[in-house]
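In the block that follows, a single chain appears as structure tokens, in the form predicted alone.
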């Protein structure tokens, strides 16, 4: 498995659960770019305990057939540090790029990207939403390629197309969910988060925990790992911090 993001880790988890021997290649700690070191460390530790082999050696590339010294094409990869790995099957999940080349010459692109306003509009009569769209957030203009983001954008863009400036603006609060290696994570707020959490409440089992970070910009990020909590309550925790129903344990 080449790629240590959410999709790569989910595929690797499924293969390990199916009884495969899996090596995951990532140039950084898996999930650290998306979640930060603390949460990614929890997932990486759980993955290793369940049998995943994690290899880091810089950027990876498939070795061409002529370079393979007799190996079948696509069954070897070389890492930047010179390490060569062989496998029966190689799966890659190394990110995505918006498919917007067909819009070249349309005058809709700004510096090669689709940038919408707070109501999802490129023009009064044209809107965009989903993985292709950069949109304003409290942390600047961003592209957030998550299905929950696409739904939130689409709702705002549809009303923006019909009502124009009278439509409500997008008030974006990220929501992320992934499962793998016996862990289920739900998070609300911007990630990756830096350092250890400011708030931690253990759950009923050793891998169950409720966490919150206070970000430098004043916003909060809440995460539940194997912890049963309704999403509205998790959103409140991210917004205002621990309430009367949540006890603080450092």
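Positions refer to the first chain, counted from 1. This one's a predicted model, so the numbers in the text were calculated from it and none came from an experiment.
What comes next is about the form predicted in complex with a small molecule, which does not appear here.
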Problem - Stretch in contact, per heavy atom within 4.5 angstroms of the small molecule in the model of the complex, of 128-136, 81-89, 161-169, 113-121 - result: 128-136
Handout entry: Contact test, all of 43, 192 and 219, partner the small molecule in the model of the complex, heavy atom 4.5 Å
Key = no
Handout entry: Exercise: residue 99 in contact with the small molecule in the model of the complex, heavy atom 4.5 Å
Key = yes
Problem - Distance check, residue 145 to the small molecule in the model of the complex, heavy atom within 4.5 Å - result: yes
Exercise for the section: Mark residue 150 yes when one of its heavy atoms lies within 4.5 Å of a heavy atom of the small molecule in the model of the complex, and no otherwise. Expected result: yes
